[in-house]
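One chain is shown next in structure tokens, namely the form predicted on its own.
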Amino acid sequence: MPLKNRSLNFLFFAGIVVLGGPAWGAAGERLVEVYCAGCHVQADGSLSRIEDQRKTPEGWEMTINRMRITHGLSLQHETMSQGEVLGAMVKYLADTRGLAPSETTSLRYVLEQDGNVVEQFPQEFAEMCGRCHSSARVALQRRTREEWDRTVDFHLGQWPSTEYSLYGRDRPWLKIARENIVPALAVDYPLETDAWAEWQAADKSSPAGEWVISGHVPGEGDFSAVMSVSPLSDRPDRFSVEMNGHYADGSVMFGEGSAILYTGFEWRATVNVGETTFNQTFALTSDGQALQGRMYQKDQVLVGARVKAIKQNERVALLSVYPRSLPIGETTRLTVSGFGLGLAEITIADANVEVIDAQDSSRVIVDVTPIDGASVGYRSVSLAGEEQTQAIAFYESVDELAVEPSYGIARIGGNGGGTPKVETVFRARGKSWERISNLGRQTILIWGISMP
């Protein structure tokens, strides 16, 4: 039976899944059974191939959309939109067949849409897999040995020219894939791992609460804000998000939107800040006390900010200090962000600190003057026993300028044409030299400016 017809035959049964409350938590599992079982169910009731894989939320969404595009899967439903059906299925699959935090750590640049990254993978693997898509796309999956072998078959069936294109025509591509790549993938990226078993058994933290978030938006500058996260009453996996803060120049930063948490740690949100829509891709720490990742423009993913956030509790905590460089002998106004900042004195070695505004416990403005004779180098910021090491740099002069990255990905487009433009971001970095002996020196970063 064609798949597109099968999905309609199951429509009646799918209609019993309703929105809201505890029923929504079971919706994803039931929908996967309804829309996938026609082609993937086995004699024992398990779902072939699906149960032999683990992927990120984005990986599962790509898989379901490929079923729609290539095999005609229809997600029509009596009480849910196609987007709601897709979302519920992705949520269930990512929660039950996802990746553990430690399995994504070194590969988050792909999830965070950071395209200006040069991947580092073994040459043979990169040539066999990474020539058509990022190598990280493969490394962010886990499969059985048999399922990795089927993936080779899928590529040849879906794209028959794979074996003869680029690095395929000068070598026995299929032989290498079968004998070298598949065994290596089965060892390096197996379905069953201790990390995943431990993460499944671990207690998961809710992101609901008050957060302080800090970062640098290209073209706008450094910012810090309080981010309020509240669970929706009828969707415990969804959250409303509101950001209230300031940029370094004192202008107001306000944003609001919504978020979802996958696999107990994968934070995905869309927040409207002024006239700009940002996507947030963060990872929640296992203790639920910190978020870290990237916030980027929805329509220009390379234009964004690397951000970090900490959750409010009873402790005093430092999150960020900006600007991050101070000329020796001059006074610079700094913004310190965190929690409980009005409860204790902020100190910086070899500098005089004067509090200018401490009305907000999450944001304090101070004037800092490095004392005459202070040495060039990094300094820590301390508050009530909390210390942020190398938070700022003292300098006397700008000795070196650099632009990073050395090249960027961009595309000329727009202007009424069918191809949209793609912007990129370059960062100008000023550096100062700290003499560490008569024979040597080390370079310290004293400031950076990002512009799209």
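Since this is a predicted model, take the numbers as computed values, not measurements. Don't overthink the numbering: it's just position in the shown sequence, from 1.
Another form, the form predicted together with heme C, is not on view; read the next lines as being about it.
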{"property": "Check all three, 39, 89 and 158, heavy atom within 4.5 Å of heme C in the model of the complex", "result": "yes"}
{"property": "Distance check, residue 147 to heme C in the model of the complex, heavy atom within 4.5 Å", "result": "yes"}
{"property": "Residue 394 within 4.5 Å of heme C in the model of the complex, heavy atoms", "result": "no"}
{"property": "4.5 Å heavy atom contact, residue 154 and heme C in the model of the complex", "result": "yes"}
{"property": "In the model of the complex, residue 175 touching heme C (heavy atom, 4.5 Å)", "result": "no"}
{"property": "186, 290, 129, 351 - the one with a heavy atom within 4.5 Å of heme C in the model of the complex", "result": "129"}
{"property": "Candidate from 324, 294, 268, 143 lying within 4.5 Å of heme C in the model of the complex - any heavy atom", "result": "143"}
{"property": "Contact segment among 422-430, 409-417, 57-65, 385-393, judged by heavy atoms lying within 4.5 Å of heme C in the model of the complex", "result": "57-65"}
